[in-house]
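Single chain ahead, by itself, as structure tokens, in the form predicted alone.
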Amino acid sequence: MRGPRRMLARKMWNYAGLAVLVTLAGLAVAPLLHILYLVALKGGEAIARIGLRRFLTESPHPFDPSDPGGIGPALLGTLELAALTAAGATLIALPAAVLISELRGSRLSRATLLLALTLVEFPTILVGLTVYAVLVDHLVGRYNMLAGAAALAIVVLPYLVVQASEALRQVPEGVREAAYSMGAPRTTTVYALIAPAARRGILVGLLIGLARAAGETAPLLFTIGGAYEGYHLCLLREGGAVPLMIYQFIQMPYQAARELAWGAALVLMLIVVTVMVAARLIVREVRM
């Protein structure tokens, strides 16, 4: 009889353990689900009342409850910042990633990797303050979109450096050996063969960094100013962005401003989710 009783006791303990794990997992996921639900509910209601086309294209009217307008200039500013950030971060991160992967084991390589890992946890508000002191206060003299892109590029930089260096390391050694056997210089081998072979991994790092930067508000507080009156593409003028707009409008004591903030939050959430899903799909297709 002891055998069946022990088996029953083990099954009961197993079921109890699974129940505890499921409960803890549910508690961990519950805050995220609540955030998604709340943003989707309030943001969806705001966009439905204003109209999707108007919400995505018109300028905001935060003081007019009958016609709140939309987030068009802020959305354009976010796309402009994303493009500039991607270009700037890639120009700096790719040589750093090559240094880490090609000179692995050297002091310079280890120091570069350590610096990149440190930047991951570096307070972004200090990044914004530093860029403000250099690009806004001393060089340009006013808030500008270029300063915002520079701040976000610093935020993206460590993610791209770490991911790109790992992608470069995963390229088979035979590719390098074949290039060297044909007399190709090291620089040509790295940038003409190794980097293109690791392009999917590099793109994943860029997308992850952009997803992080898309929701950043602190660096933009000191750099772009927050201008939503009209459309422009001048890099040395004030501009707007969706996360900064959310931060500013949700604090206003006006119903129209809060509706715009909730609708913008839903748009921002969809942007981040789309970028992360794209990064996940690219990871699945990576073959080295």
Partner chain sequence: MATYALEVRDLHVWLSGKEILRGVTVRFPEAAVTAVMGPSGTGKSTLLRAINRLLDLNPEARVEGDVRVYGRSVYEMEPYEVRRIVAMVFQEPNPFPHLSIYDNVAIGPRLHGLARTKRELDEIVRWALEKAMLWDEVKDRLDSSPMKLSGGQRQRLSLARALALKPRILLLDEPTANVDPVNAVKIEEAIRGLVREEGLTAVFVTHMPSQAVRVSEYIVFLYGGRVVEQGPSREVALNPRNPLTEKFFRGEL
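This one's a predicted model, so the numbers in the text were calculated from it and none came from an experiment. Numbering follows the first chain given and starts at 1.
Below, we refer to the form predicted together with its partner chain, which is not included among the displayed structures.
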- Message: Is residue 179 part of the interface with its partner chain in the predicted bound form - any heavy atom within 4.5 Å?
- Response: yes
- Query: Just to confirm, residue 196 within 4.5 Å of its partner chain in the predicted bound form by heavy atoms?
  - Reply: yes
- Message: residue 114 versus its partner chain, in the predicted bound form: is there a non-hydrogen atom within 4.5 Å?
- Response: no
- Query: Should residue 141 be counted as a contact of its partner chain in the predicted bound form, where contact means heavy atoms within 4.5 Å?
  - Reply: no
- Which of 87, 134, 184, 126 has a heavy atom within 4.5 Å of its partner chain in the predicted bound form? 184
- Query: Hey, of 72-80, 197-205, 211-219, 116-124, which bit sits against its partner chain in the predicted bound form at 4.5 Å between non-hydrogen atoms?
  - Reply: 197-205
